[in-house]
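What follows is one chain in structure tokens, specifically the form predicted on its own.
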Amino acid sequence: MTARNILITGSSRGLGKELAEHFLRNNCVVIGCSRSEGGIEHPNYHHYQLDVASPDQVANLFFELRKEIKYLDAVINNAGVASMNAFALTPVKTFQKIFDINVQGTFLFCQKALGLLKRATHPRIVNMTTVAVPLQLEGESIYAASKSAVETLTQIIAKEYGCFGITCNAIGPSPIETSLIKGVPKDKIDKLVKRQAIKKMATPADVINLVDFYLRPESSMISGQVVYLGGIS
């Protein structure tokens, strides 16, 4: 069986790194990228250091990939940033950074990957959102708004790419112990978890389980879906 080619953004740490290591254990070729250097040493891991929000850098990445591989089986848009600010006190620079990485980064990778995805047998796109969208969390207006945009992109891309056999879905993890939430007070995390139907924090394994489901060949009829972990009560 031919090894699957999986592209993961934000793969140098946290959930992205866990995803990369998971697919490497399953004999996939993983193309990772992030602003920082890669932290994975494996013959099937190839890291590109870039800004996911830069049109030129992303275009250069796919120019190089087209010389190295014939197809992409999956793109996982994991790179993201968050910032807790009251709406009235949010700096414009914070707004721009969050939308650049979370929305423009997802847009660029979904768009530039199309040619390579079309050549795969079971092509998949998985985007990351957050439970901050349905819970409308105070202090996370810009982060939630950016991920709401990602959800809309996901659903429309699913329609436009469906004719190529490409599915596009999203995952909204409940809180996971990663750098993304390291600045969030514990009491806020506790309150958030209590609002879930399943009252515990998620783990990378919970997200990986859903990614694997989306990527299965048998999931070809599942597209345009947004699944939030933990349930919303």
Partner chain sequence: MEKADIQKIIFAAIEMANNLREEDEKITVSVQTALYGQNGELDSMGLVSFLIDVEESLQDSNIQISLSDERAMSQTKSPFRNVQTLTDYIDLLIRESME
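Numbering follows the first chain given and starts at 1. Fair warning: this is a prediction, and the values are worked out from it, not measured in the lab.
One more form of this protein exists, namely the form predicted in complex with the partner chain; it is left out here, but the text below deals with it.
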property: Check all three, 60, 66 and 115, heavy atom within 4.5 Å of the partner chain in the predicted complex; result: yes
property: Candidate stretches 127 to 135, 155 to 163, 81 to 89, 95 to 103 - the one whose heavy atoms come within 4.5 Å of the partner chain in the predicted complex; result: 155 to 163
property: Partner proximity in the predicted complex: residue 122 to the partner chain, non-hydrogen atom cutoff 4.5 Å; result: no
